[in-house]
Each structure stands twice: as structure tokens, then as C-alpha cells.
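Just one chain follows, in the form predicted on its own, and it is written as C-alpha cells.
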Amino acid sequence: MSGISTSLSALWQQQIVLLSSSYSLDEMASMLMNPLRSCPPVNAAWAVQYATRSLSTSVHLHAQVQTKSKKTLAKPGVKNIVLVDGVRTPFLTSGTTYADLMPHDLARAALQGLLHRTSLPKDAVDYVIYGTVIQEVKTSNVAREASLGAGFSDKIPCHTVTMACISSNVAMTTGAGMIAAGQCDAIVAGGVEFMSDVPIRHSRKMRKTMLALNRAKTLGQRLSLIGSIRMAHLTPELPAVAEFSTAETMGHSADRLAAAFGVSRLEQDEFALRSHTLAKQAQDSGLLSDVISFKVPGRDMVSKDNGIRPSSMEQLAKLKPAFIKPHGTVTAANSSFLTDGASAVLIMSEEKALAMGYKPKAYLRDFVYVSQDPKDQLLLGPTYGTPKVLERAGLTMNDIDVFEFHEAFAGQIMANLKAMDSDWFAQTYMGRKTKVGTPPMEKFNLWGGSLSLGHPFGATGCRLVTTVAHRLQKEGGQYGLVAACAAGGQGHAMVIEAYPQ
């Protein structure tokens, strides 16, 4: 666990240094309690039992889900859209083996891996869409640069989208919409994030001076501008990790959310340990088949994620709060870590896939995007998205065989589970008569999650969808549910149906 207490702490420190606002304990208490003052008390014994029960799911890693005969979600007159396959590079802790690359290098590797995995002709794709969050200015349309680098035809249009941690979800659903509209039959969607080398700008005053220098016509004008430069001009601007609308970091918000729902440090550490333990078992068992090997130029071949570090509760308990000090509960170990990685999926109309001889893995069915208060409900996207997508699909929680939720923070996951299990929250904030209900932990994130596998912001969505497809095949289920939160108080949920075997 020393890896978590050192490398992860160091990486999170990069974010902590950038914290743009802080609050007194009195202010924190006010912000926490005002919106949730009438929330019913949390049963601490239930919370510990719940988290402990979740740890026991490792014994079900290879268990077959007992499925009933269920209807298909195909709709008359609506094209069936299928996931043919999906791959990703190994997700690596930022600042490690990928440190000398650029984002398009990782995206290109994912695309080449998808071509190799599917034997897809390079001119058979109608469109390429990629998601990313922190863009490299030299390759702002990273989809196009990666596509050309991977050898796709230069006749294939490409564009890049961004929606925080659900950027590759947007890439996939945008592609699905183009197929449904009849504009395309084959789409490659994906995402990439590269946190090892983020763009760092000069201060605004320095930028203005440099632009003015570029326009200066005489030596005197240039010398005057150079003489106006002060030490303060040289202070760099680092990429903001705080919400623009609230000036609060996501880690700070996660800590407040955990406190508001009564999520203890113990619960968070137990869930983080569960994630790492299940990820390690899945990795050792060869279940993470979406991971491709990648020969990093000038370095060794990389074949597996390097952030999976099972530990013990005793070691986790030694870590100090990362955001709200000294009384916070969010630490480096129960938070997702800064990650480099890329993913890619091939989605097609079912008719096109079968015509090309493919055996699809899954159907992409209904999906929704949601948005709520970015201050006090920043990370509750799964709570709001889950019931909406189930209603669109005509399903209930009991119909879902596989759940894959994005794990931004252990506290965020536990807060969502408690919100979903609360009639009061459903009635007060969601306009619902009854609670959403919680996913059974024996179906929930059984191959690890973002806490352990890593979270390249723009790439995680494709990993979630591909994992659901693979788990449905492995466990014999029919329906899977993906849900994720995102910066700005937004979220996404999608229902996936297994392709008949």
C-alpha cells in the first residue's frame, strides 16, 4: 500500500495545491446542513454492514448470474445499434511510463489496437469521434490527429467532444445518434486523457505583453514593452481543477457530499479496498480483456494497469485527509488518481455488423444525460440518471444483471447509494414518490472501478460500456447499466443489452 500512500498522495497533491478557495468549519457546516437539514439520520451500523457486505462479493467474481427469460429492448422501426468490440491502453498513473508521450499517441495506440482486434478495414468506418477534457493545444481535434496517425483513411471525418468525465460517453452516444439517423453505419468512438503533461500558460498580463510585442513595429516599442514586465507577470497559470461556477475542487465537493450523507471514513476506505481487491482478482484472472499491449517508444511494453494496489484497512487508515483538513474523510487512497490512458470502441448498425461478418458483443439501448446543482449535488449524476434511463427502457432495478458505476471517489459512490436508497431524497429533490433503490453489491463493479483501474477523464466511459458487455457475456446476464457523474453537476446513464450468444 506504500504506492497509494506515496505516488497517489503525490499526484493528488498537484490538485490540492491548486485549490482556489477554502472554507472555515462554520461555513462548511452551514453549506452541508442547509440543503439536507431535514435528511433522516443515517444508520451507522447499516453503513458498516453495507460496506462489509460489499467486500464479500469477491467470491462471486466468476459466479453465473441467474437470469430470467426477459424481453428484448428492440423497438419497431428503430435501428439496432451494436457494440462490436472495445479496447483500451493500459491505464497508468500519470508521470510514469507514458510521461514522454502526447495525447494523440495514446489515442492512436487505442485505435490501432481496435483495428487489430477487429480486423477492421481502415476505410470501412464512416466517422471517428473522440472525447477528452484537458486538451493539448497542438492537437485540439485529437480525434483527427489520432485517426490519421492510426492509418485510417483521410476521407473519414473526425471530431472531438468534451463533457468532463463522461466525454467518451458523449462520443459513443453521438455516434449512436448518427447511426440511428441513417447518416452512418460504422462509427469508432473513444476517449483519451493525458495528465502527465498538461498545458501551463503564462499569466494573462504576460500573454498580453507578448502579443503586444508581436505587434510592435519599432525597437523603441519593443524595449518599452520588455521594460514593463514585472516578476508577477512570470507567475504561471495552471489548469483549473476547481469548478468554474463554484470555485470548489471536486475533491472538496466529494468530502462535503460524504459528510452530508453521513458516509464515514471507514465506509470509504472499505469501498476503496473492495475496488482494488476485485480489480486485482480480475486482472490476475485475465478478465480485463479490453486491455491491449502497447510498446511505448523508448520504453518497455506495457500490458496492464499499474494503479491496482490492494492493501489493508490498517494502512488506509494511516492516510491524512487530502482536501478538508484536518477533519475530512476523502484521502488519496479512497479517491481516483490522476491517470493517462485511451479507449476506443467500434459501434455499428446491427445490419452492417452482420454483413461484415462480426458477432457483436452487446446492443446499446436507451441513454440519458442529467444535470443538477453543481454546488451541493455535483457528483449525484448516477442517482438522477438511473431511474430516468430505466423508465425509458421499461425496466426496473431488479431487471439489471450488471452494474458499472464510475468511481470518482469512494465517498461519491456511497453517497449515491444512500441517496438512491432514500425515499426522502427522492421526494424532496427528484420529484419521485419512492426511492430509486440500490444496486445489489453482488452485481456492482465486480471487476474493480475507477478507484483502482484508473480514471483518464476522457476515456473512462468506453471502459465502462465495454466492461458491461464483457461481464454480461461472462456472467450470463441480459441487461447492464452504466452510470457516471461529471464536473458541472452533470451525469449519464445507459442501458446495455447482451447480444444473443
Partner chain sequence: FLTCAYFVFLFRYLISYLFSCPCLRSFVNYEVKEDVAVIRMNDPNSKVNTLSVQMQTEMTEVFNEVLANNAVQSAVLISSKPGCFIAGADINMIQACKTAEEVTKLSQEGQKMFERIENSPKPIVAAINGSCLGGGLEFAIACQYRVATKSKKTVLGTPEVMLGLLPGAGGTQRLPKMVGIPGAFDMMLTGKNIRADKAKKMGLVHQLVDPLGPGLKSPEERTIEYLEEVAIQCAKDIVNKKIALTRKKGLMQKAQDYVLGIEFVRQQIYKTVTGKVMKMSKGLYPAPLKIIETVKAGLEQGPDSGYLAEAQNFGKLAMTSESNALIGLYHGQVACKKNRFGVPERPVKNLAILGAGLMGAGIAQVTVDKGINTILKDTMVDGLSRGQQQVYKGFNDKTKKKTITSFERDSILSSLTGQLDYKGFEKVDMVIEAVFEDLNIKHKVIKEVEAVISPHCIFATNTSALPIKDIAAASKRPEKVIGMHYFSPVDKMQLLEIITTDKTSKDTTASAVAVGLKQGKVIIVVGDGPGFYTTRCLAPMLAEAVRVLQEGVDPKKLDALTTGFGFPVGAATLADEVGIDVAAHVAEDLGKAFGSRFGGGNVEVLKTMVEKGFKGRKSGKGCYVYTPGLKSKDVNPDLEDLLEKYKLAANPSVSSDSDVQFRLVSRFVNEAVMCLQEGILNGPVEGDIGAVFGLGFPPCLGGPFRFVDTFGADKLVEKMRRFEHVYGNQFTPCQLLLDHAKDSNKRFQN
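Numbering follows the first chain given and starts at 1. Quick caveat, the model's predicted, so the values are computed rather than measured.
Beyond the structure shown, there is the form predicted together with its partner chain, which is absent from this document and is the topic of what follows.
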{"property": "In the predicted bound form, the residue from 357, 298, 326, 431 that sits within 4.5 Å of its partner chain by heavy atoms", "result": "326"}
{"property": "Contacting member of 152, 337, 405, 261, with respect to its partner chain in the predicted bound form [4.5 Å, heavy atom]", "result": "261"}
{"property": "Segment that reaches its partner chain in the predicted bound form - one of 141 to 149, 185 to 193, 418 to 426, 229 to 237, heavy atoms within 4.5 Å", "result": "418 to 426"}
{"property": "Touches its partner chain in the predicted bound form: residue 306 (any heavy atom, 4.5 Å)", "result": "no"}
{"property": "Close approach of residue 376 to its partner chain in the predicted bound form, 4.5 Å, heavy atom", "result": "yes"}
{"property": "is_contact(residue 361, its partner chain) in the predicted bound form, heavy atom dist at most 4.5 Å", "result": "no"}
{"property": "4.5 Å heavy atom contact, residue 96 and its partner chain in the predicted bound form", "result": "no"}
{"property": "Partner contacts in the predicted bound form for 228 to 255 (non-hydrogen atom within 4.5 angstroms of its partner chain)", "result": "245, 252"}
